[in-house]
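Shown here is one chain on its own, the form predicted alone, set out as structure tokens.
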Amino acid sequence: MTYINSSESLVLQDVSIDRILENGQIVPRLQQLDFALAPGEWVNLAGVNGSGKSSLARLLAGLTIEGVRGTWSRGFAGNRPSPYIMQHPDAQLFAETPREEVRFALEWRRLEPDMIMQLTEEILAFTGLTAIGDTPWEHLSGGQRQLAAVAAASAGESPLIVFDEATSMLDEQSMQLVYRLARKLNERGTAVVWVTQRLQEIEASSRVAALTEGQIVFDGTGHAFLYGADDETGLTPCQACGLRLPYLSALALELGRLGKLQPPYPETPEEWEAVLQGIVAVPV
């Protein structure tokens, strides 16, 4: 792979990766893929298992993958690998407690001891982990351990953080905690790559890049991904990728088909409550 120095967007050009199966057959993981990520941007990567979204996420994080071909500019992300949050937090925790984990991450930055102590407490407070900062992992939930992994990742003040289905193994409450923390980091200027199959996490105005068989087949807003263009019929881009629509999106489309709802479709709970109250049931 060829590297190009840039101070702007992270850019992949004509990138391909092959996978060799046990029978010797070569199949593509990524196929001549072009992709750009701007500083401070949030992008959702979607697709079925095996679509290539995790391979793309690893490349964006700057992790090494054997056999990569193409051109890559790390741009604003810099030359070092970016924090990469996986499904299982235990695979990436090195210390014994959240406080030690954050401190360990700060020590890698070679800061003065006083600064490490100060920043550790600030990060624990920012991530809501102060009260359990000295609690061993075995006494914490999966969501709390995942928050600690994110806290340690944020300690490096990286301009980019990649979440590879980081909420897929969590309960709803823990998922919301991790998602809100990622949003807080993004509001502070950190670019976020959010890999997910939980499509209810996708906000209407956020960017979605969807992959099928190693190729990006959709790159646009969450609303367009879930619903398609307002004047289109048939499968939405989400469904065309082999993914199931979230319940509320499917409900909105069905109500639209019945003539009871018109675009733009509701997004917030308040909007849905108003819409449902306005729908008059048709007598059987």
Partner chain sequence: MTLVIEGLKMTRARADKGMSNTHTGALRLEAGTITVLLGANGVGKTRFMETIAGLRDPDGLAISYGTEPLWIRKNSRLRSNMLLRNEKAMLAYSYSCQSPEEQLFARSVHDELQYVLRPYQLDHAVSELRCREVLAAVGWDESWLDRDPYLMSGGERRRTALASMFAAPAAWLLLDEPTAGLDAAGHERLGIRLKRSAAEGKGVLLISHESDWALQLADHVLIMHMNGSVQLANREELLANPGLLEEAGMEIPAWLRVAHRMMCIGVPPEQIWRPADSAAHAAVAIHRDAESKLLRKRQDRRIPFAKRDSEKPLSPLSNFDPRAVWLAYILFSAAILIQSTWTGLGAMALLVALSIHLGKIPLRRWRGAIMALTAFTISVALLAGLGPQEDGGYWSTDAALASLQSLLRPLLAMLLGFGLPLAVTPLRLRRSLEQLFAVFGRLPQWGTKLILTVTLLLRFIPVLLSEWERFARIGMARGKRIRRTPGGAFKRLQETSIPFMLALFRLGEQVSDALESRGVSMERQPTLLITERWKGRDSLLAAASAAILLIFWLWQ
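None of these values were measured; they are calculated from a predicted model. Positions refer to the first chain, counted from 1.
Not pictured, yet referred to below: the form predicted together with its partner chain.
- Taking the partner from elsewhere, residue 171 is found to have a heavy atom lying within 4.5 Å of its partner chain in the model of the complex.
- Residue contact with its partner chain in the model of the complex: residue 187 places no heavy atom within 4.5 Å of it.
- Heavy atoms of residue 123 never reach within 4.5 Å of its partner chain in the model of the complex, leaving it off the interface.
- Using a 4.5 angstroms limit between non-hydrogen atoms, residue 204 is distant from its partner chain in the model of the complex.
- The candidate stretches are 221-229, 66-74, 38-46, 235-243, and the one lying within 4.5 Å of its partner chain in the model of the complex by heavy atoms is 235-243.
- Residues of 60-84 placing a heavy atom within 4.5 Å of its partner chain in the model of the complex, in sequence order: 62, 63, 64, 80, 81, 82, 83, 84.
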